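A single chain, nothing else alongside it, follows as structure tokens in the form predicted alone.
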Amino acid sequence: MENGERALLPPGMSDLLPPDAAHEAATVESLIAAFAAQGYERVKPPLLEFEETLLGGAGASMAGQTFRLMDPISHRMLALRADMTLQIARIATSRLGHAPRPLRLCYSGQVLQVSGSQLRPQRQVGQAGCELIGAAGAAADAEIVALAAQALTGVGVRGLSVDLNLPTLVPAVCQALAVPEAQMGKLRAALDRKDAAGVAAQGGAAAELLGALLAAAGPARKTLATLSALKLPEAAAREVARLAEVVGLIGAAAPDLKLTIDPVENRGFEYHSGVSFVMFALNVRGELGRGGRYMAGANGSLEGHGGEPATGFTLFMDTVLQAMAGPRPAKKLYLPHGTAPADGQRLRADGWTTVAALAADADAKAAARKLGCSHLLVAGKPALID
């Protein structure tokens, strides 16, 4: 095999080189620090778990994106995680099942998926996020949204917006109006396509009301006013009232955050049981993250009923990095051969990144330039290389 062929990587895989690898690592640690500052404790689940554990319950939705292999020790099938939320739910409801509630956990790590998408062709993606388990109130929903926004703003993301969703609203309307299952499937498909004509074509009171919900999407305050004016079934009206409460709490915690509402969006929120959201940034394709309310089942699965109330979010590091300014150039200082170790320690303590010569140089300035240094130590002091 030729050297060039040895360097080839599978589709959707890539090397992250300097200075981008360091930039990603520093960004993850900054996010984790922001989570920790609000009481979220870090956990670290394994890359591999038994297939039946990782893909049980709502985890079955990730089966098509999950790599599997046989464990030569236990002779059982293992699954390589394609998402981390299921793992955090398992930890919370098993290993930390007796910890005081509400339980605040945060995490970061890599996930691997069988295939990428048009917007995210990478199959290995870094994730960072938080889960708030054991709190059912609107204050928990608002805390999670505001925390995600504040953490992203803190690492330099600008033009941030949050699209709030109610994946339980359409089922509540259809159930209250006794919509047949077959018609509900057609309505759901049309809503997912944002096809107003397709919704109207189904006819009846449900189609009329769902069409009004579809048309209501937009800025949060305007959408809430429109929803409040609709004659919604009791269960659906409660969902809207909860959303309005969450919007008010987010506005108090993050008054500059742009909020929109899409009341009929459901894609990617199949196991969610309440207020959910997607995060975007100006001039960046794809989502920075998503999250929302769910039920953490007693077996660690994510269930639409039973278990503990929970909410959380996951940030996708590839998109987050696109939304940030590039890595800042390091203050890189070249130390000529013979520089005292104590001098190097002092300079690093002052914030310099030092590169030490391993042998005497005929031209120290040229050697410094070659290694990407911006400064050279001259007479014990950093001097800018012109």
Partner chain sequence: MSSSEALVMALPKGRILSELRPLMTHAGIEPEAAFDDPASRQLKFATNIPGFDLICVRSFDVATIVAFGGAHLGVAGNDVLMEFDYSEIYAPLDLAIGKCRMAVAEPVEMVSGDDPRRWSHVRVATKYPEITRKHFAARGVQAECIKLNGAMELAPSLGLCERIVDLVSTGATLKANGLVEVEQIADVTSRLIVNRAALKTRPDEIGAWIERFQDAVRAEQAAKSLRKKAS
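Just so we're clear, the structure is a prediction, and the values are computed from it rather than from any experiment. Numbering follows the first chain given and starts at 1. Between two forms, the rigid core is the largest collection of C-alphas that superpose within 1.5 Å.
This next part talks about the form predicted together with its partner chain, which is not shown.
If you check in the model of the complex, do T27, G116 and T153 all have a non-hydrogen atom within 4.5 Å of its partner chain? No, because T27, G116 and T153 lack any heavy atom that approaches its partner chain to within 4.5 Å in the model of the complex.
Is there a heavy atom of Q183 lying 4.5 Å or less from a heavy atom of its partner chain in the model of the complex? Q183: no, not in contact with its partner chain in the model of the complex.
Is there a non-hydrogen atom of V284 within 4.5 angstroms of a non-hydrogen atom of its partner chain in the model of the complex? Yes, V284 sits close enough to its partner chain in the model of the complex that at least one of its heavy atoms falls within 4.5 Å.
Its partner chain contact at Y271 in the model of the complex, heavy atom, 4.5 Å: Y271: no contact with its partner chain in the model of the complex.
Are any of the heavy atoms in T260 no more than 4.5 Å from a heavy atom of its partner chain in the model of the complex? Contact check for T260: yes, within 4.5 Å of its partner chain in the model of the complex.
Heavy atom within 4.5 Å of its partner chain in the model of the complex - residue from R238, R76, R267, R221: None of the others qualify; the residue that does is R267.
Taking 4.5 Å between heavy atoms as the contact cutoff, choose which of R90, R104, R290, R81 touches its partner chain in the model of the complex. Contact with its partner chain in the model of the complex is made by R290 alone.
Looking at 93 to 101, 159 to 167, 137 to 145, 239 to 247, which stretch has residues with any non-hydrogen atom within 4.5 Å of its partner chain in the model of the complex? After filtering at 4.5 Å, what remains is 159 to 167.
Quick one: which residues from 182 to 198 get a non-hydrogen atom within 4.5 Å of its partner chain in the model of the complex? Contacting residues: D192, R193, K194, D195, A196, A197.
With both forms fit on the core, is the shift of the CA atom of K186 between this form and the one not shown 2 Å or larger? Indeed, K186 is displaced by 2 Å or more.
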